[in-house]
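Just the one chain here, the form predicted alone, laid out as structure tokens.
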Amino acid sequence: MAINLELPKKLHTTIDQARDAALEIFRPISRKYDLAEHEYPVELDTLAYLYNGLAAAGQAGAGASGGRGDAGKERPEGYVANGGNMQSVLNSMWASYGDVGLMLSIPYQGLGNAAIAAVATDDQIESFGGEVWASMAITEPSFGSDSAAVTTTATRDGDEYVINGEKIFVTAGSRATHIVVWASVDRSLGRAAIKSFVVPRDNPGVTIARLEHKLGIKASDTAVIRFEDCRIPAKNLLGSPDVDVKKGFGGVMQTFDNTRPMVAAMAVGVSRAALEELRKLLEGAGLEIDYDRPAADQPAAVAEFIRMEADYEAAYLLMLRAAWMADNKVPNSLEASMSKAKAGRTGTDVTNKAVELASTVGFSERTLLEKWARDSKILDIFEGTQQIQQLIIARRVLGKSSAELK
């Protein structure tokens, strides 16, 4: 039985919108904001207004709806959806094809939006004030990939929670309107007590301590944020306030099932950009890429290109599968980690090898190849490192718990 891997026509609008933005808006200003770290890309405001207008008309691609897509709609038995998650990964991929740092800077398209879309109720969305641009605050000075080691606390006080702690490496932390904060409601109960809270950035008790200087994605701000006796309404807790020690950490970790395919999509987009640029350089040097001949019978540079292109295709398909499963309410924790692991590794491999094969042109600023190599590294780190993803995959495949396989 043949498998049709072509995308539905209804998703072509999403791709066209994002590709146009990548080539007409992002690429022309990519180098400008790479050299002007922490300067806000004002050109993105127009793009945000466009997305919001399309969302209001029901024609938006990814991100404009926060990934909620067909959520809440009645579906007949056997119905297969390609909804908000599929749109989100395609939008993320093609926007990152232009510039991943600028993609992460689009107003109202933050990583925290995917977390909110995964678990927030319609009443919560309305209570946040309508339009939400949410960053994600997980990492702390005392830990990196071990998300269960959260020390930030959220103490219940009547109809409010009081949040105290410090978060680092918060993407869009100084620009987003809201921050999705991971905090423990009772540290004596361990990881089961970790919940996520939506905190307005201008809320009293929230301080942007500093902005980081980084290797790549310089168009995007990365902030250190302190929470000192920060009071928020109890209804701003995402999901259930109950602590279920049997369920453990699973509830809050489900947000990664939405965000990891999005990060995979970013890496896929950067990989595609690098491959297309490298193809031009190889063909310009007189090297023909012949798909009818074995790679081993072609020049070494061409053989490497074909290998990387195959890795790109694999990462792309894993990304699509993880998003499709999310849209169809199929548990996708394994597939989300597989897509993130494969795409993250492929992104760094493809962009760095492209710089190498392009030689002095790749290492110079004559093209964006060296920039894409710098940008791609973070995509193999944030939302869970390569090693963390492989550990999660091993646990799922072998049927082991986190206590059994560390």
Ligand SMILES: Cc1cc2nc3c(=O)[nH]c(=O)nc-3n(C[C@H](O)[C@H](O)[C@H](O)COP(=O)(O)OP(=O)(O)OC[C@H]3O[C@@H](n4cnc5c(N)ncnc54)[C@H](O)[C@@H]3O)c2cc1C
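No experiment lies behind these values; they were computed from the predicted model shown. A residue's number is simply how far along the shown sequence it sits, counting from 1.
The discussion below concerns the form predicted together with the named molecule, not included here.
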Taking heavy atoms and a 4.5 Å cut-off, does Phe143 contact the named molecule in the model of the complex? yes
Test of understanding: in the model of the complex, would Ile381 fall inside 4.5 Å of the named molecule by heavy atoms? yes
Trp324 versus the named molecule, in the model of the complex: is there a non-hydrogen atom within 4.5 Å? no
Check whether Ile393 has any heavy atom within 4.5 Å of a heavy atom of the named molecule in the model of the complex, and answer yes or no. no
Does the named molecule, in the model of the complex, lie within 4.5 angstroms of each residue among Phe169, Ile217 and Gln387, using heavy atoms as the measure? yes
Heavy atoms within 4.5 Å of the named molecule in the model of the complex: which stretch among 275-283, 234-242, 115-123, 132-140? 132-140
Pick from Ser184, Thr259, Thr222, Asn332: which residue has any heavy atom within 4.5 angstroms of the named molecule in the model of the complex? Thr222
